[in-house]
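In the block that follows, a single chain appears as structure tokens, in the form predicted alone.
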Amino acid sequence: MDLKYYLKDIVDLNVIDQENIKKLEALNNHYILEIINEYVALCKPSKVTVITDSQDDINYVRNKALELGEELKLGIEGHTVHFDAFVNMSNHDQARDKTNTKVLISAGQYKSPWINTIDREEGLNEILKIMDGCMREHECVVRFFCLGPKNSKFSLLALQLTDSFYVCHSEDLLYRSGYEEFRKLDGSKKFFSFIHSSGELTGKPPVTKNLDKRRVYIDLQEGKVLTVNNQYAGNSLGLKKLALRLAIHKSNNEDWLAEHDFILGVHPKGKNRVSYFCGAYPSACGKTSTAMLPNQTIVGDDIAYLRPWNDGYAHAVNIEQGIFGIIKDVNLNDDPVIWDAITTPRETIFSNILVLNGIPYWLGDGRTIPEKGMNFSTNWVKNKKDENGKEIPHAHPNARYTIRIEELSNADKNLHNPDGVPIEGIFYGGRDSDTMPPILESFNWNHGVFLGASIESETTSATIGKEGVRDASPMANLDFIVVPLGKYLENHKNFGERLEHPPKVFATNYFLKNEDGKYLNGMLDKLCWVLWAEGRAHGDYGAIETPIGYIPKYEDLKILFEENLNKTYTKENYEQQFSIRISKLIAKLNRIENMYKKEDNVPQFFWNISEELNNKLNKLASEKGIDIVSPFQFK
């Protein structure tokens, strides 16, 4: 059959030339052509350009982003800045739009109580109406990407249509090009598709105008995302968190895991080995700082696919090759690796920061801030206020940097390994001031799943006006879990049980405080918790059994602190941090149980573990007659 048949509307619109048609025909896949034809006809761009893996094509994208003003050059070679739309401090396009991000649900399908959903037919009718003509007078770019290393059993393919060259350029830093991978599909429709438009633009630099019509709709049935009237990467790059939702749906109907995980290579001193760990942490709970620990290596900082491997381990890959990182508080002293990468010549995109004389500034960078410059509100001066009288900071709190991981000095050599890396352990990190110890090892894999399902992140008075409210987020993934929680947990349980060497599981908490409200942990103490976990994976250290899991022995931590931080770790430090706080732990179990009671079909192992932990804690309280039990009281 003539493949041009599937491009009939595009050809009739006279928006694509023969060279670009040939690029599409070379894929020999009518499913791809049907999608392109449908959405080009709907969105009505003035031109369609197909980007392959060639360097000339990729250079075209970056040059067009600069030519159109979507990015502006900065003083350092390779550095550019992008600004997203801003109306006021409460109405802008500089963070994920949770309100208008919805999963399309057909009648009779599971409807999560934790995420926004909309009837599929209603949602499609709404967004397709908004997208009608949304690319008018714009160039539509057709992109092909590989989520994961090339030539890998882990990886999924992603087709993206967008009219934003900033989005395209960001994707070239964050993802592996996949045109040649698509050619290997041999006519299959096994790929995700993402259609994005920034919509009508206004101003210089050009930003999205109609934020009131911003929509981000996820269609699980078709493995597709439709997103319009936005530019911010978290809303526009379908391959990022939007694809995570599609991958979670796919993986939980197969035999693997798609997780909100970093992948860290741990290199203990004096040991000729590297051990790989995944880690899931809600926002502001230490995910990035753990992934970027000094003298360790990074495979990925955000999303991982895990599959059982023929060596009996779970292997993991980073679906990305870059970092879209929050730049707030990145400074020379605390983040030397990132600081070096983003202050020296290399391809880097900054977003929503302050610029003066080609120099970027952001919140918490440790430098003297200019009193004027250009930022997301266009011309900025110190003490500038928005239309509601709220002060506009020189940089947005969610300002970002985008860079390839290979540009970091701590990039792991296995970043692109098609077989992934064997996972020795998984960290689940939460934030609480008075309950969990800094690190705790699970009794077994199923208890580890329970620990992941029990992650809580404590809010502060600075964010909601009331301190100490704990929000649960299973596996730090609640915003993205589009399958029933019971099914999600059951699949985790089954995944580990299929492995000869399931990862050890550890819960971490870097935010314990004393009665005066001061943190009990230093900023880099987490390095010692991670190194202890790595040693446990290899049998280097013993542990103390408590009712809630295994904790380190004081003597081992004392040596780790001396050898790695040149720091004295006292018995007083240890006792304050690793005491078992019985009533606080029981209260946590009750909160978690109440949350899961809102879900149907939560697997029985979850309730059994919760009951067992509750019984052990009550027995300990009865035996000791006190509420807080020192780690030195355990044998």
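We number the residues from 1 along the sequence you see. Since this is a predicted model, take the numbers as computed values, not measurements.
Omitted here: the form predicted together with sulfopyruvate. The next part is about that form.
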Heavy atom within 4.5 Å of sulfopyruvate in the predicted complex - the one residue of 215, 176, 92, 96 that qualifies: 96
Let me know the one among 82, 240, 492, 394 whose heavy atoms come within 4.5 Å of sulfopyruvate in the predicted complex, would you? 240
Mind telling me which stretch in 227-235, 550-558, 536-544, 415-423 gets its heavy atoms within 4.5 Å of sulfopyruvate in the predicted complex? 227-235
Although the partner isn't part of this model, could you tell me whether residue 200 comes within 4.5 Å of sulfopyruvate in the predicted complex, counting any heavy atom of the residue? no
Spell out, yes or no, whether the shortest heavy atom distance between residue 114 and sulfopyruvate in the predicted complex is within 4.5 Å. no
Do residue 143 and sulfopyruvate come within 4.5 Å of each other in the predicted complex, heavy atoms counted? no
Test of understanding: in the predicted complex, would residue 456 fall inside 4.5 Å of sulfopyruvate by heavy atoms? no
Each of 447, 588 and 594 within 4.5 Å of sulfopyruvate in the predicted complex, by any heavy atom, yes or no? no
So which residues in 302-319, when you check sulfopyruvate in the predicted complex, have a heavy atom no farther than 4.5 Å from it? 302
